[in-house]
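Only one chain is given next, in structure tokens, and it is the form predicted on its own.
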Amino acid sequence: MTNGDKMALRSGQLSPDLLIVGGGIMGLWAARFAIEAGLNVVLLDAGRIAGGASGGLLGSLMPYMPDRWCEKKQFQFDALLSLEEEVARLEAETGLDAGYRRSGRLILLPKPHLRTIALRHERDAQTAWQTPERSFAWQVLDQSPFGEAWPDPAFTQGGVVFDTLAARVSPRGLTQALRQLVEASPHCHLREGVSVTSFDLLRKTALLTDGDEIAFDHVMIAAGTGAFPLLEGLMPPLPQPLGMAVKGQAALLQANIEPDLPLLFLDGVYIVPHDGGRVAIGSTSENQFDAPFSTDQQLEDVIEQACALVPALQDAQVLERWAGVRPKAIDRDPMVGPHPAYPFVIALAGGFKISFGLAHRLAQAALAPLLGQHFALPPGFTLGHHLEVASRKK
């Protein structure tokens, strides 16, 4: 099959089995698994593939706290474990490095009373963070086992938590590997700089911003913050929007920090060692903003806080400052699954801060109905749940 013949035609149009709207981390994983299942795919992105929030810097893969274990936390735990295998498989197929490492995390306890809470979580992890094959710890320690430089002991009056489950990945490395894989497939057609303006659900077609029209069997809406208006356009007006954009800012420093060191976390500040001695610093979460893609003093404040936690960062060169918007669904959790009235329309959105750790599992869940498979999601992760919340009057 040649590249030009790889899509069936309907009335002269591209007619894939699956149209994916949005080429971020969600859409790329969906395309990867759909192609693997033998589906013909068209993947659209309004800008560059992985050029939005998925093209950021941080790459932290941090688990939920091990207390009050629930279906949602179990789903994330399983996803964080299976991501390690999926990344290894992706790297083997492409020869690219996704920058993945299960380096763990240090949570700083600047006040003694925080240690009491952390000790309760330590007991919780002894049952929650276990599988028959692997065991992960939430250890409460008096001081960092990585020396006084990581971090400054002034911020560990109550000790530290060493979590061995957390990991990190290069957002750009992972998305580049996914792009290379799907772009090389004869079953996938990529288009950048174009998105959907409207759907004709009776004809199962999408009108694109460049005037073209694509017919499809199924459509998956994975357009980040753009997914909310597309989904809202398929139903009568809702009392509340399905989601919103949240701005984040981050920075990348050249600090000659060992890449095996664990992530550091304190009061919303993340410090993430990456390969090549680079360190990602982040991030803000801004519900109100004027300039979504520009950095400002809020980022400088985060960098200053990070330099206080690790004085070795004070003279580090800032290689890049980044800002972008992330999709936060109305109930915060991912928003996945078929539309109740149009089962051929599938949502794959939301996710907010946890998308990189869950996206592969969410994509598999979203594809399951197409493939005749059962893939259970936590109830709060479904599109139906979010539609119900958005339907309530304020």
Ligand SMILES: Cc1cc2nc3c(=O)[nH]c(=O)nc-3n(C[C@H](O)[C@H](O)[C@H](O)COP(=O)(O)OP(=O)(O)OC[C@H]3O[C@@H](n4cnc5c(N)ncnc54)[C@H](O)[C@@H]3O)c2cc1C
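All values derive from a computational prediction rather than experimental measurement. Each residue number is its position in the shown sequence, starting from 1.
The next section is about a form of this same protein that is not shown, the form predicted in complex with the named molecule.
Heavy atoms within 4.5 Å of the named molecule in the predicted bound form are found in one stretch of 326-334, 65-73, 30-38, 363-371, which is 326-334. Distance criterion of 4.5 Å from any heavy atom to the named molecule in the predicted bound form singles out L230 from the list I303, L230, V161, V310.
For the three marked residues, A53, G224 and A250, a heavy atom of each sits within 4.5 Å of the named molecule in the predicted bound form.
Proximity of S195 to the named molecule in the predicted bound form falls within the 4.5 Å heavy atom cutoff. Taking non-hydrogen atoms only, Y100 never approaches the named molecule to within 4.5 angstroms in the predicted bound form. Proximity of W322 to the named molecule in the predicted bound form falls within the 4.5 Å heavy atom cutoff. Although the partner is absent here, I354 lies within 4.5 Å of the named molecule in the predicted bound form, judged by heavy atoms. Heavy atoms closer than or equal to 4.5 Å to the named molecule in the predicted bound form belong, across 273-290, to one residue only: S283.
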